[in-house]
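Below, in structure tokens: the form predicted alone, a single chain.
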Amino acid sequence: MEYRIGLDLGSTAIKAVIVEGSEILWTGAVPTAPDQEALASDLIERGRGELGLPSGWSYMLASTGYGKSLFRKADLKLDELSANARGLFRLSGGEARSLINIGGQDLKTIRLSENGEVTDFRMNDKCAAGTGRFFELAARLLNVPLSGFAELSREPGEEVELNSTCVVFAESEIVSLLARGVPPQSVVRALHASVARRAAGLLGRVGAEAVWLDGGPAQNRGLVEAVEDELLTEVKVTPLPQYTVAYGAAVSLG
């Protein structure tokens, strides 16, 4: 049996999936750091070991993401946009027509045809506001784990807004709100609303249907609900939204 590996060498994390047929057998991730090829190789070896596969196992590998060219042994290198679209379309059972991807340092929206072809896309990579890095920064400022954002956002507290489109100024806004005595739950709600507005602005509210959200922040149900409120439509999430791109690379191997 020949396995397929999808490797997403992203700006903040290296993610890998091991696939048999179209089924995900294993997923793993490590923070991005120098010598990404060695990190990725170690990650793949970890997956092999955890699956109990022999050292001489046979596989094909596709790389994608910012560092896709750094993994020289890849059988296929493809752009992140294509990998994202293919992965999400397959994981949604062909249902997805609109996709919002929140990456470590960029925010993308993709429109798909009924055949899963990309018909339009937009990207905001000018500033980290509205990305995974922004959520990590907010978590440090608030001293709250990212996993607690959804529950915290549902607690009562005054309503405030974050208006800055630059992460540096947004950080200052958060610090000012906390200094003013605004509770963390209010800041988290404002953060969710700010990211939702940015995502909805990129996607466009007209004709946004069968909307899916992916990337690591999609695990935050509070953010999903904020995007739903902004778009006035249901927003769905796959079980492993942070691995969609890596999965799309794997299934692109045929």
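Start at 1 and count along the sequence shown; that's the residue number. This is a predicted model, so every value here is computed, not measured.
Form predicted together with adenosine-5'-diphosphate (ADP): not shown, discussed below.
Contact between residue 178 and adenosine-5'-diphosphate (ADP) in the predicted bound form is not found at the 4.5 Å heavy atom cutoff. When contacts are judged by a 4.5 Å heavy atom cut-off, residue 67 does not count as touching adenosine-5'-diphosphate (ADP) in the predicted bound form. When contacts are judged by a 4.5 Å heavy atom cut-off, residue 77 does not count as touching adenosine-5'-diphosphate (ADP) in the predicted bound form. When contacts are judged by a 4.5 Å heavy atom cut-off, residue 147 counts as touching adenosine-5'-diphosphate (ADP) in the predicted bound form.
Stretch-level contact check against adenosine-5'-diphosphate (ADP) in the predicted bound form with heavy atoms at 4.5 Å: of 216-224, 33-41, 47-55, 194-202, the positive one is 216-224. Checked against adenosine-5'-diphosphate (ADP) in the predicted bound form, the residues 105, 119, 172, 163 give one hit for a heavy atom within 4.5 Å, which is 105. Interface residue among 136, 95, 158, 155, judged by heavy atoms within 4.5 Å of adenosine-5'-diphosphate (ADP) in the predicted bound form: 136.
Residues of 227-254 placing a heavy atom within 4.5 Å of adenosine-5'-diphosphate (ADP) in the predicted bound form: 242 alone.
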